[in-house]
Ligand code: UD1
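Quick heads-up: it's one chain on its own, the form predicted on its own, in structure tokens.
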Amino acid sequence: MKNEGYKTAIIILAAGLGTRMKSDMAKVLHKVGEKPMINHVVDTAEGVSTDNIIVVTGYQSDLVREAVKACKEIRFAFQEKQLGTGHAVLCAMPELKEHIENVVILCGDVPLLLSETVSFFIDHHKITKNILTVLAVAVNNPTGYGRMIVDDQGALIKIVEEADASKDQKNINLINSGIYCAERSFLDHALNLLTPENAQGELYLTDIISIASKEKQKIGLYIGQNADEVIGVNSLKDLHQADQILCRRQGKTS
């Protein structure tokens, strides 16, 4: 019989091109250190107690699958059209094993996240008995990230994406890491309620926060201690920054 940790699956979103990378290569195949970003994220997932890792591919799917084929626990889901993060997770849901109770969602372009952080995050989600928990960090420059909107008591209400944020909301420095842990039954329910009513015309995964809030479900916020771990790589500048951080972490000079 599997222990408690094996009731949690990990979905890794890795379908996009990443136009700001100024390359024809799938974004997650760009290297940080000596290996593609997606391999760093898969290594993180392998360091967590799970027997159900799902990688959502899309652009250059065959090359992404080839890059991570050494991981025996991986299943793949295919997102034929990139219709948003919510749609990507919808594509992955059929690959969840029957015994899974909670689902962690990671981003294939966030290569510096540590397994220990993910494990603490999952433990927090379970101990607090949240239906949904979001990993957030405070940063000096929140530009480009979704802002965490909280009430007077500090409870999370919703996440507003940069393109949809007001001037005041853009000044909020508590940002969404793009990392979630959700009860499987709620996630399945919420994904089917998503609509593309936003500036990008996509299904935003962040909208499951608003759904949970409206339904008076228990939403948790886990504040990460190291903002460097959740740096998203969206440009060559970001890639260089991630490379430098990894070098420092490994005790190398960049």
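Residues carry their position along the shown sequence, with the first being 1. Computed from a predicted structure; not experimentally measured.
The same protein has a further form, the form predicted together with the named molecule, not shown here; the description that follows concerns it.
Annotated contact segment (heavy atom within 4.5 Å of the named molecule in the predicted complex): 203-211, selected among 203-211, 219-227, 44-52, 188-196. This chain appears without its partner; in the predicted complex, the one residue of 77, 118, 182, 107 with a heavy atom within 4.5 Å of the named molecule is 107. Of the heavy atoms in residue 177, some are within 4.5 Å of the named molecule in the predicted complex. Taking the partner from the other structure, the named molecule in the predicted complex has a heavy atom within 4.5 Å of a heavy atom of residue 234. Taking the partner from the other structure, the named molecule in the predicted complex has no heavy atom within 4.5 Å of any heavy atom of residue 133. In the predicted complex, the named molecule lies within 4.5 Å of some heavy atom of residue 82.
Contact here is defined as any heavy atom lying within 4.5 Å of the named molecule in the predicted complex, and by that definition each of 20, 27 and 159 is a contact residue. Residues of 7-31 lying near the named molecule in the predicted complex, listed in sequence order, are 13, 14, 15, 16, 20, 27, 28, the criterion being any heavy atom within 4.5 Å.
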